[in-house]
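Structure 1 and structure 2 below are the same protein chain in two forms, each given by itself as structure tokens.
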Structure 1
Amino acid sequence: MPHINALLLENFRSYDSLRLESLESGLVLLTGANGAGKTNILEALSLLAPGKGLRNTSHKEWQKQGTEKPWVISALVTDDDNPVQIGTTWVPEKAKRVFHLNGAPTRTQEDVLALLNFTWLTPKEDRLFVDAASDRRRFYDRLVFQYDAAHAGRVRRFENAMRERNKILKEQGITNTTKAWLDSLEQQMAETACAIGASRQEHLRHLQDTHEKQRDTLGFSPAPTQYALHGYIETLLIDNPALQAEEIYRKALEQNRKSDRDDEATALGPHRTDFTSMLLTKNQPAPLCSTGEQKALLFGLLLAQAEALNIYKGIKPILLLDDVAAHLDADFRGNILKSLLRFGTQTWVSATGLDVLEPLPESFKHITVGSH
């Protein structure tokens, strides 16, 4: 399983330079006062894999303020005893972020993803169940993307085609000249929508199966949850074979041209889908659950995602848990930390102090942030 053994940061966020070594433990606990730089370390780790990291930000924010020297994140990663140096930095001359493996530029980002993946939980996700459906959908699509790399491209293609269709309807209307154009965009939307819906559904089945198995294997019970997708496309795909669903959606788009033009929006499609969770012990939808119960649901989801990636893709993600202890009762906290140690993947946990994480498991690596 991939494991971070050493981490080096330069000119990244609050750090001029930081070196963390001897990180052989399966559980690394980062503690320090507010503003000490804990989240910055977890963010740096998340940026060792391609993407915008756990704060979903861009390189301008990563660059340490007050210096021109580009930020560097570098780590020694071992997987089955093979050490690999993985690095990423900003190259100003190319205005581009690059990745290195053992000092040589990588050919594709997939080379890095084949070695290193991260799954995280941060205070931002605390609002997942009560936020807008669009935030939840984006969150869920990121879970699918970890599992099926083509998913993000399909979502982008669908959204581009939808935007273009909305623009034509608004600016040029439905005329003989725009008809062929609209036909072709709607065909594209129907094809990509069904592929998006199918990927989302497949991942949902895997998450649910994994979650149910984990209730027997983890050594403690994550909150029993029923996951569901609520959306036009996903429902169509349950009731119809893919090609037929595609044709039904395409026709619906054609029929809705006038109303979509009046509303300046596309009424039907995968861009309206919601992902929901239900706490089964109380038959309670997640938004009605208590703060701690929602946190427990999030943990269950994180563990199911990490294990599903392992079972179905052979990927063992490193888990990053930023400031997650708040709202958890001691029993649950103890169980979570113990089960993470058994989980077989390296986990990094941040908190303001070790006392916040008690009861502590027998073994872990403790790093006090702010004393470097």
Structure 2
Amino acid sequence: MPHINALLLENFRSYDSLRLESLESGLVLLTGANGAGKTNILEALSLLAPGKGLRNTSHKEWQKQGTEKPWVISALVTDDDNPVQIGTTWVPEKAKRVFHLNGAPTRTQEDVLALLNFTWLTPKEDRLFVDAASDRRRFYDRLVFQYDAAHAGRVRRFENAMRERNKILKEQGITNTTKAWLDSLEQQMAETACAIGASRQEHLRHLQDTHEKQRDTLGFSPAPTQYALHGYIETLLIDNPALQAEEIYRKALEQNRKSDRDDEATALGPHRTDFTSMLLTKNQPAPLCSTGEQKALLFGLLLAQAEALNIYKGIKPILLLDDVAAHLDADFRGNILKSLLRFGTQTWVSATGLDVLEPLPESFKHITVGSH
């Protein structure tokens, strides 16, 4: 099971330099006042894997203000007593972010994800069930990306083709000249959209399966939940074989050219899908649940994601939980911590003080942020 044994930050966010060493393979608690830099540490950890991290921001925001020397994140990762040094930084002359494994550059995201994976919850996710469908879709696609590293590339390809199609429709219209161009883009969109939908559906089945099994294996029973995807593409794939679904969607895009041109947007596609949760004990959609119930649903989803990665991919992700104590009573917090330890992966938790997280397990690593 991989865990972070040491972490080094340079010129990252609020830190000129920070070194954390001799870290526990189980629970690591970060405590300190608001603004001390706890979330910055968790964000740095999340950036050791490909993507924009738990804040979904860019390299310019990761750079410490007032210094031109590029930020650096480096960690010693121990897996079965086999240490690996993973690092990432920004290279200005190439205008790109790079990863290194044991000092050597690596080009593929899969190399990094094979060694290190993260799942997280932040205060932003507290509003997941009541915010826009686009926020839930991005959240869910991040879960799928952890499961299927090619998923993010498919989403980008679809969005690029969709934007190009929309631009052609708006600026050049539907003519004999643009027809072949539109045909090609719509074929690409159809193929990519169905691959996106299929990957989303497969992961949904695994999430639901592991969530139900956890009721027998965890130290507490997560709230019984029904997960669902609501989207044109996902419905097509339920009712039709993949190739037929592609052709149906391609024809729909062709038929909708005029209305999409008038609306300056593509009406149908995986970019409209919503991810929802239902609390089964009350037969109540998540947006109608109490704040505490929504937080419990989020934890159930987090644990289901971690277990799905473990069962179906052989990956035990490191868990990052930022300010998780809010809206939870003491019993539930205690059950959550016990369950995380039982899952057996390294878990980083931030809070303003240890008293907020009581009752605590016997063994954990405590770091007071702001004292370094």
Ligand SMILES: Nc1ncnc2c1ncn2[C@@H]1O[C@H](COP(=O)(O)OP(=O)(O)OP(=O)(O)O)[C@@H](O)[C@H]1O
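Under this definition, the rigid core comprises the largest set of C-alpha atoms superposing within 1.5 Å between the forms. Computed from a predicted structure; not experimentally measured. Residue indices: 1-based, along structure 1.
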{"query": "Matching structure (the form predicted alone), either 1 or 2", "finding": "2"}
{"query": "P70 C-alpha relocation of at least 2 Å between structure 1 and structure 2, rigid core basis", "finding": "yes"}
{"query": "Per-residue C-alpha change between structure 1 and structure 2, T88, threshold 2 Å, rigid core fit", "finding": "yes"}
